[in-house]
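As a starting point, one isolated chain is supplied in structure tokens, in the form predicted alone.
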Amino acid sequence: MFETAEELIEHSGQVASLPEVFYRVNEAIEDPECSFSEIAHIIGQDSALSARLLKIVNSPFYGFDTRVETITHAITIIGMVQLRDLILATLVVDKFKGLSTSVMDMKSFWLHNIACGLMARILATFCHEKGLEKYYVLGLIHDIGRLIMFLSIPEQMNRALEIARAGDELLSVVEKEMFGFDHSRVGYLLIQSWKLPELFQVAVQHSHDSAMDGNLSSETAILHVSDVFVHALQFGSSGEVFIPPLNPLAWNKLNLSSSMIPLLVKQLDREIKDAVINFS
């Protein structure tokens, strides 16, 4: 067994790496002299990725009135950073969806994470946040550390599941007791190795914290609330049997009335089917 989360990530090898196309796109986006057409050319070299992106952009997930025929057109209407986030979401799902584990129900895992991404995006919309795609990505990858743990140490994780169920404990608590770290720490290190922005790293690391201070970011608060809501609504599972407690500081950070919760749930119900089709 691995002594630290760092050691687990180090031994995960190619399983924990992202395709090169993401880094090429990210580098191009950060270059102020790089044009839309050059970025589109990089993406276009991966025909499968291009097809997936156009399928998603033309789906009810976005609801554009006119059909988007090219990647260049997609960039002009949703923006470069938003397209990068969409590429990240697509590549993560494509990379991990073909993997199997005898311990984790992968269909349930992705349903939970897709629903969490949708809820984060919906909450961000209600909170008038900018860059909505990043919230979807955060929800989609917030439990990626647990998936790495299920793939790397399946027998130990199976034992952790048994202990959590028998003791009426949260799996994340049992993880810390058994391994000295939990899946949020693994996810944080993985996202750090992917060189994603710090806001992604921080939000994933603290999304399950039962104790948050008043300085938590909007991303962390939205991700935390989304995860709790989706657990309560029973949209899949990443292994937790029980509903994690809602941290009141995170909810208060959103400055939303509890009377809006039925609207949030209704919107999630409206979007979940198309999102599952697009990303699974």
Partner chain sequence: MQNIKLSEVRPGMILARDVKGRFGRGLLLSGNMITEKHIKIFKSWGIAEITVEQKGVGGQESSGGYLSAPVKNEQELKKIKKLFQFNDIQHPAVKELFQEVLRKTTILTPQEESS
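These figures come from a predicted structure and were not determined experimentally. Residue numbers count along the first chain shown, from 1.
A second form of this protein, the form predicted in complex with the partner chain, is not displayed here; the remarks below concern that form.
When contacts are judged by a 4.5 Å heavy atom cut-off, A51 does not count as touching the partner chain in the predicted complex. Looking at D269, you'd find a heavy atom of it within 4.5 angstroms of the partner chain in the predicted complex. Proximity of M178 to the partner chain in the predicted complex: non-hydrogen atoms within 4.5 Å are absent; the residue sits far from the partner. Residue contact check for P248: one or more of its heavy atoms lie within 4.5 Å of the partner chain in the predicted complex. Proximity of L170, S257 and I261 to the partner chain in the predicted complex is complete: all three residues have a non-hydrogen atom within 4.5 angstroms. Contact annotation: the partner chain lies within 4.5 Å of heavy atoms from the stretch 228-236 in the predicted complex, the single such stretch among 24-32, 228-236, 56-64, 37-45. Shown without its partner, the chain has no residue in segment 37-74 with a non-hydrogen atom within 4.5 angstroms of the partner chain in the predicted complex.
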